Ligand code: NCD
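Form predicted alone, single chain, as structure tokens, below.
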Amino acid sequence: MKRDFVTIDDLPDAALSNLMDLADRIRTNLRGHAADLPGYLMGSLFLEPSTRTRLSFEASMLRLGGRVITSSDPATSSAVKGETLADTVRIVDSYVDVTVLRHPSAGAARLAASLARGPVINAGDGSHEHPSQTLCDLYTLRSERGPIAAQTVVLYGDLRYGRTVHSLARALVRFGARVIAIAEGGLNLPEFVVEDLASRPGYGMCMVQINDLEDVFRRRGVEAMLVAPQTELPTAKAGEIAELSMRTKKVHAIYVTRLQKERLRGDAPSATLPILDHRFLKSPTFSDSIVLHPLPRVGEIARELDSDPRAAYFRQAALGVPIRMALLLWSCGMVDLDVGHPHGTRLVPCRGAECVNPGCITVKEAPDFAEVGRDAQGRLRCLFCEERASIS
């Protein structure tokens, strides 16, 4: 069976844990795996700017003894001549053993996986998902703070278009963590992620108001979404938002995302959240928190934190190599995982419906591949970008 990695829900918890265990073994001797994938060729197809993800995948393949061919400048690819992603993927797939794809359109990785004969790894598809980054994030959390199930993680910043948090929120809930999502003005988690989180057995979510961290946020009434076991959700009077007391809580990690200006539709919102700095981390709530960021940062984290041992974002980036080496070994068939049953929301195909997300690959350039399904609640969703769809 072809071993694609399109969404974080393509692999169950045990398989993700096994990949992290393998990364631990690889990490002890990064230079000792040059005989693992000799003769293998990876296609590095990056049709959107990237530094860390592209170079870490390429470094991973080279350290495994394989080779890489790359297309890293969209302006020099045949896309500028009008070639579709579908045709590009078919060509690249015929040259290589595994394709790693970064694309500006949501659902592009699923389209590529449906066409390629070899495995496809999603290195970020528009504002949809970035599952290999989440592998790196989970691995960092486990390495730095221990079992993920015991952790409370704050997601902080642009949560609407920051694709890394879409994959991460799903994975954290699966592993039993608690999530507090604090979004920049109006940029809350997208509906498809919220609906998916709400469907997780034993978990629930509610909007809450944080009133006891004025020294951190410089104001009262900071709204957040709490995702936690049902038994831990606060209660509120009818028509009111529950209050979440944070002063006595300990947050294990703060995951910061930049404002995704390249994906915003319309004017950028005014910044309302303070940057992460030493003042922020003085609060007892955050005094032991590690700070994570998928990078690049553009002002959300003060440079003064770079020398702070709680600043884990550069260590996080470095861990991208051993965990992606483990992923490539699995995808190329060199190691087996207990893949079991996928975790994701299963959609039943539905005729006569179409995706209405302008950022979806099926809307932008591949309408012939468009498929829409109904989820367990009967809602119409695109099978590629997972956003809501409508009857045509």
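Numbers for residues come from their place in the sequence shown, where the first is 1. As the structure is a prediction and not an experimental result, all values here were calculated from the model.
Not on display, but discussed next: the form predicted in complex with the ligand.
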| item | value |
| --- | --- |
| Of Arg174, Arg258, Arg310, Arg178, the one that lies within 4.5 Å of the ligand in the predicted bound form (heavy atoms) | Arg258 |
| Contact residue in the predicted bound form, chosen from Ser44, Thr53, Thr362, Ser331 - any heavy atom within 4.5 Å of the ligand | Thr53 |
| Contact test in the predicted bound form: Pro296 vs the ligand, heavy atoms, 4.5 Å | yes |
| Partner proximity in the predicted bound form: Thr285 to the ligand, non-hydrogen atom cutoff 4.5 Å | no |
| Arg163 within 4.5 Å of the ligand in the predicted bound form, heavy atoms | yes |
| Any non-hydrogen atom of His103 within 4.5 angstroms of the ligand in the predicted bound form | no |
| Region of this chain that lies against the ligand in the predicted bound form, out of 210-218, 87-95, 163-171, 228-236 [heavy atom, 4.5 Å] | 163-171 |
| Residues of 118-135 having any heavy atom within 4.5 Å of the ligand in the predicted bound form, listed in sequence order | His130, Gln133 |
